[in-house]
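One chain comes next, on its own, written out as structure tokens in the form predicted alone.
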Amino acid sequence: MYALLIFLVTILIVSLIAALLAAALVIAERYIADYGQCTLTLNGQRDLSVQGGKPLLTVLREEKIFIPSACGGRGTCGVCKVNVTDGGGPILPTETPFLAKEEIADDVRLSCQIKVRGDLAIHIPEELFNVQEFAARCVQIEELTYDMNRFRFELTEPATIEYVPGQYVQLLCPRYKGNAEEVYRAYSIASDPKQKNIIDLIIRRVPNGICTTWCFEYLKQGDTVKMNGPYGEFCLSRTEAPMVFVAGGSGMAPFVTILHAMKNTGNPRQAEYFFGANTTADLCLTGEMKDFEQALPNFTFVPVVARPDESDNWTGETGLVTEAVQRRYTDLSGHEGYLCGSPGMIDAAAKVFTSLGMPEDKIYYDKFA
């Protein structure tokens, strides 16, 4: 018994020392290590004088230069890539899982992982200089399922936005009880693009998710928010090839906008949309999809329920959404595929597409991190 007590006390002491050392490092980094003013050179043409000590992603954001970051700067999505041509230092272990050999050779880095500790020279795509920050007001919150809402925002400053259907914005989640710092999260636009003053976001609640907790528990109709964008390259090609859409959950969002755009322009392309749900309670916007079927004669919506309950009297497609695609098609060599959702779902669907003859370069996707 005495030996066990000594063991537990030893563990407690070691843990306490480790915690104190970690706290000391944080304090030293924040208050003692003064990196002063640093020069940040953008694309070899523009010099900015910035305060050192912060992540490059944060420094750029404070200068109203917005780099896409699906995870809000936590280093888990690998999206916030920039070319650091001078002053970046060695690549960190937190970066290597997200960088291909070719990117490393091309000086690509994760801007959320690099701290500005001296002068830096970076290169970012010119189109990111056109990304704007928007102020907006939440004007409607609509429950779509038990864990998914559609949030409607009316832009106030600037009052309108131009975007390509399929793109996304980053929503600023402010500090609230249990969240000590502001974070950004990426959400696909889900509104009608002809309503240039409106941004709809379809958000699925993630247990303990920082931004989704705020959206579902704190954000109220009438509240003001900030967002920036648009970002992303997910959009329809300019061909006339028939299309297969696959999504699940909040992956519905970009397809709503794409279908609105097809309706607005009278796009005659053939499109079949397979939407995967675990149960019938996970289905959403089925009424709107029927309206699109009426407006677009070459569009078909195929809801797929993995595990319908007997009491649901479900007569539609069942099983995995990829299985429904395989039942419907034997040859996709002349089609294009559009996928939106989790990496696992997208990888599985892409594998099915290629097995049915669809060329890899005809598969377009938006992976949710």
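Nothing here was measured: the structure is a model prediction, and the numbers come from that model. Note that residue numbering follows the sequence shown and begins at 1.
Missing here is the form predicted together with a small molecule; even so, the following discussion is about that form.
- Query: Just one of 332, 70, 339, 50 has a heavy atom within 4.5 Å of the small molecule in the model of the complex. Which one?
  - Reply: Exactly one residue meets the criterion: 70.
- Message: By the heavy atom within 4.5 Å rule, which residue out of 117, 152, 226, 74 makes contact with the small molecule in the model of the complex?
- Response: It is 74.
- Answer yes if any heavy atom of residue 362 is within 4.5 Å of a heavy atom of the small molecule in the model of the complex; otherwise answer no. Because no heavy atom of residue 362 falls inside 4.5 Å of the small molecule in the model of the complex, the answer is no.
- Query: Does the 4.5 Å heavy atom contact test between residue 206 and the small molecule in the model of the complex come out positive?
  - Reply: It does: once the small molecule is placed as it appears in the model of the complex, residue 206 has a heavy atom within 4.5 Å of it.
- Message: Please determine whether residue 292 contacts the small molecule in the model of the complex, using a 4.5 Å cut-off between heavy atoms.
- Response: No - in the model of the complex, heavy atoms of residue 292 and the small molecule never come within 4.5 Å of each other.
- Would you please decide whether residue 168 lies within 4.5 angstroms of the small molecule in the model of the complex, comparing each non-hydrogen atom pair? Yes, residue 168 sits close enough to the small molecule in the model of the complex that at least one of its heavy atoms falls within 4.5 Å.
- Message: Within 4.5 angstroms, counting heavy atoms, which one of the listed stretches 85-93, 185-193, 119-127, 277-285 is next to the small molecule in the model of the complex?
- Response: Among the listed stretches, the partner-contacting one is 185-193.
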